[in-house]
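Take a look at this single chain in C-alpha cells; it is the form predicted alone.
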Amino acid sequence: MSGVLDSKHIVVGVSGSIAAYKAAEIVSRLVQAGAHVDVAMTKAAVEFITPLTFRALTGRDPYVDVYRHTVAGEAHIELARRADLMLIAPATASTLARLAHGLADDFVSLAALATAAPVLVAPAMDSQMWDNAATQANKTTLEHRGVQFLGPVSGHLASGRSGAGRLMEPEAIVDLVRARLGKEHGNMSGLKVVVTAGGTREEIDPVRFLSNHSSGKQGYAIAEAARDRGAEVTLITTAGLATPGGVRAVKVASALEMLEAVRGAAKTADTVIMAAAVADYRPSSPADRKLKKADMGDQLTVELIENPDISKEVTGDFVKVVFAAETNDLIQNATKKLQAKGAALIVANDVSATDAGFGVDDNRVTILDAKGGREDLPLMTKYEVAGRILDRVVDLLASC
C-alpha cells in the first residue's frame, strides 16, 4: 500500500539557523517515506550544514548558488513546477521577511515565490525576534496568502533562554506535511473521522484500576491513515502514545468518559471507528482514598456493575466500524457482535496470537460486513490494516 508521500515531489528550503541540522532528519524521513526530495539552501544555511549532507540523503545536488547552478531552463522555475509541496524548515526571520515582501535573492525565496504548490514554513528564531512586530506582521501577511505555519513551539533556545521560537521536532513537521498532502490529494479530504483507541481504566481507588492489554496502536494507526487521506480526525484515547501531528486528541480514562466524548464527536462525523478495548464492567463504588492492605485483610472483594456498550449505544448518520478482540471462535463471535451493534463493518482479530494484536506493530484481521462479506487479511503493519479498513469505509460512504 503506497503512502501519501510516495512519489511526491517535495522541495525543502533550508535557511541559516542553528536548527538547520534538524533539516537533515526531516529530509531523511521524507525520503524514507517514498518522497522525491530536492533541497534548496540559502548561503547562510551552508554555514550551518553542508550541501553534501543533503546530497547523501536525497541522491540529488542541492540548489545553493543561483548563478552557478546548471539545469535546463531556469532552475528555480523548474524546481517550483515539479513541487507537490514546498517546506521551509527552518525558516528564519529574514526568510519570512523575504517571502512577505516578494524579495527573491536566493533559491529558497525564488522557489517559494514561483511555485503554485502549497508552501509550509517552520520558523526557528529567538523568542524576541519571533515576538517582534515586524515578524508578526510578516506572518499575518503570509497566512493571508495561504502559507501554512508549523509552529514555532516553546522550549530551550540557542540563546540559553526559553520561549516561543523553537523549531518543531522533525517527526511532527513530517506529520503535518503528510496531513497537508492528504487534504490536497487524499480520497477522504473534507470528511470527519472519529477513532477510539486504547483500553479504558476503571478506578478501584485513586491508585488502582481495572484495565486490559490494549496499547492503542491500532487506533492510532487508523487516525494517522485517515489524516494522510485528508480527513479531519478526532482521536478519543486512553493511551499514552504521542498524538499524531494534524490529529485532534481527546484524552479520556474510563468507559463513561469515552462514551460522553464519542457521543459529542459523532454528531458531525462521517464515520466512527471504535478500535478501543472498552471494559465491560466497572467497580460500583470506587473508593475516594487509597485502600490500605491492613484494612482489607486477606481478601478484597470488588463489586462490579456493567458499563454501557459504547459501540451499540452511539448511533447516527455515519458509517460505524467496530472491533472484536477474541481468543476463540473468532468469526462466530465477531458475526454476533456485528449484528448486535448495528455496525457496517467489524474488524476481528485473535489477540491470543503472539505476532499480532495487543502491544505489537503488526496485526492479522478479518473484516466482516453487514451484508455477509468477509475479507481475510494476512499479517501486515497496523498502518496497512488501517488503510484496508479505510478503503472499505470510503466505498461505503460513496454508496450512501
Ligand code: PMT
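In this text the structure is predicted, and so the values were computed from the model without any measurement. Residue numbers here begin at 1 and follow the sequence given.
The next section is about a form of this same protein that is not shown, the form predicted together with the named molecule.
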item	value
Ser215, Asp280 and Asn349 each touching the named molecule in the model of the complex (heavy atom, 4.5 Å)	yes
Heavy atom contact within 4.5 Å of the named molecule in the model of the complex, the stretch among 336-344, 367-375, 35-43, 53-61	336-344
is_contact(Met274, the named molecule) in the model of the complex, heavy atom dist at most 4.5 Å	yes
Partner contact for Pro308 in the model of the complex: the named molecule, 4.5 angstroms, heavy atom	yes
Distance check, Glu326 to the named molecule in the model of the complex, heavy atom within 4.5 Å	yes
Contact test in the model of the complex: Val174 vs the named molecule, heavy atoms, 4.5 Å	no
In the model of the complex, the residue from Leu110, Leu79, Val322, Ala93 that sits within 4.5 Å of the named molecule by heavy atoms	Val322
